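For reference, the chain that follows is the form predicted on its own, supplied as structure tokens.
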């Protein structure tokens, strides 16, 4: 009985592997503390005289009396505050057309930062101060799909390319918390947090997002229509009439300035397990999310 019990015990024990091997407590040598006065003969391991024995070592960066490195290099004031600036990773029109051709993006739906990030061909790092997409004009001569797109930064040539084909472009600001939810909505919904309320742009970006020339989402729609005509005259193309387009309802689709998802309002909690949407009922929450 004893042998069978021992064999059964050995059989149930985990196999010896590198992750469960430990050293014997007697094999671990205790490190010697040089500050103590015990052992290591008369100098206690510190040698004779000098900074090492007297514990008067120089501060970090000291170069034995010479002018230190950080003072030899001239100051470059034009880099001041560069690490605090908002970054907009570029996305060219050529890559955007390639995503549409491969079926990663649906031109019959509004293309925003969420749909672009979910393709896996564009990555956004909020911890590196990425604030959205900079749609560049590279490949403008090859872009051929009328779309309704929402980006965070766009040049005049890019806007002209989109509108020449009968599309609509809008520049929109998102704060970092909203970008975290937008770049991977499924992961954010699984956390059980409510959909955040998008903040307004900072003071140095209000002018850009209120300018109809850049199709800002805070600009007057009538002035945007005037700028569309002026831009078509500048680049010499015939501006398509949106009222005659079969995608009129898509081209006129807009979000509220505080909204980040289409059809979902701030403060709602999306339960993917039970496939339910929980809405706030407290008055102070409703007042906060609708303000």
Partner chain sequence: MELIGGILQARYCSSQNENPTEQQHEYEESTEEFKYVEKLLNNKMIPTPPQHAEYPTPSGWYPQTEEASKLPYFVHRNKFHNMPVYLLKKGPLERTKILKVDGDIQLFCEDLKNYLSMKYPSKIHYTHINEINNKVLVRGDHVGEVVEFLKEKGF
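These numbers were taken from a predicted model, which means no experiment stands behind them. C-alpha atoms forming the largest set that superposes within 1.5 Å between two forms make up the rigid core. Positions refer to the first chain, counted from 1.
Although not depicted, the form predicted in complex with the partner chain is the subject of the following passage.
- Shown alone, this chain has one stretch from 161 to 169, 116 to 124, 129 to 137, 69 to 77 that lies within 4.5 Å of the partner chain in the model of the complex by heavy atoms: 116 to 124.
- Heavy atoms of residue 92 never reach within 4.5 Å of the partner chain in the model of the complex, leaving it off the interface.
- Taking the partner from elsewhere, residue 178 is found to have every heavy atom lying beyond 4.5 Å of the partner chain in the model of the complex.
- Contact annotation: residue 98 falls within 4.5 Å of the partner chain in the model of the complex, judged by heavy atom distances.
- None of the heavy atoms of residue 201 is located within 4.5 Å of the partner chain in the model of the complex.
- Among the residues 212, 185, 194, 146, the one placing a heavy atom within 4.5 Å of the partner chain in the model of the complex is 185.
- Taking a 4.5 Å heavy atom cutoff to the partner chain in the model of the complex, the contact residue among 242, 250, 264, 225 is 264.
- Along 1 to 29, these residues reach a heavy atom to within 4.5 Å of the partner chain in the model of the complex: 1, 5, 8, 9, 12, 13, 14, 20.
- The rigid-core alignment places the CA of residue 275 less than 2 Å apart between the shown form and the other one.
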